[in-house]
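Given next, in structure tokens, is a single chain: the form predicted on its own.
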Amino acid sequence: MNTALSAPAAAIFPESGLPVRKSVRRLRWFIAAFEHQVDEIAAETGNAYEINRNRLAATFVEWLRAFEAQKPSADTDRLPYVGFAAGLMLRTLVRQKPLTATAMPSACDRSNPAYYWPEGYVYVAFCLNVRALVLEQDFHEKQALVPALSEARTWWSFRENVAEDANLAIAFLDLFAGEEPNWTMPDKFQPGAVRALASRFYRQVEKGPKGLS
């Protein structure tokens, strides 16, 4: 069940008249977009959710600070930073926990990610959809869905690992988006040569998180 991820992101999010890369840095749009995503998944899954808007506002503030702190100046780094920024967003959602699933269908399949971790499923869908729309608008690139999005084992590993280290949410979003995750220093933006250099020093421990290695 990935229709909330395969549907065009533009159909999910509110129109602002601005590119999403700018809209997402505005609190009003961020909250409205997240609410739209929750409504979309609630309709798709039959789950019921409650949003803590104070925590959602705190999520936005924490994410924007993290976004600005590592925002690159080089144009060549803009594309890889899209995925990293989306990962930062997922990390912050996992930390702040602005969403609570209050009910699920009685006969639902708990091995389905949407029911195994209903809040995490919304967080991933939201971040991937924001990522997809920025890539499409700014770089004319399409985001591909990967099998890991539907794999119960991967979602078990995702939930268990980010509970211990929220930074790993950044790497898991790369995994879900079909990119090469950085399991060793996921919270550090490492474009180009810097990433390649880091991988030489950390190759011996880069075996993936618990449940995936």
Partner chain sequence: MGLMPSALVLPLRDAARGVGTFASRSRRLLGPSAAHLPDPLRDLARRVIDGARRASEHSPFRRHPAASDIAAACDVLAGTLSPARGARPLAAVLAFALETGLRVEGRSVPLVSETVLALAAGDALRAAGEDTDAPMRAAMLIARLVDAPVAGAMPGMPLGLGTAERGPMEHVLVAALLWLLAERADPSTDEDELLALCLSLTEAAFGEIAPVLGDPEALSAELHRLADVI
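Numbering follows the first chain given and starts at 1. Since we're looking at a predicted model, the values are computed, not measured.
Here the subject shifts to the form predicted in complex with the partner chain, a form of this protein not shown in this document.
Out of the listed residues A57, A48, A163, V146, A57 is the one that sits within 4.5 Å of the partner chain in the predicted bound form by at least one heavy atom. Listed residues A42, L175, L64, M185 were compared with the partner chain in the predicted bound form; L64 is the one with a heavy atom within 4.5 Å. Heavy atoms within 4.5 Å of the partner chain in the predicted bound form are found in one stretch of 28-36, 147-155, 163-171, 176-184, which is 28-36.
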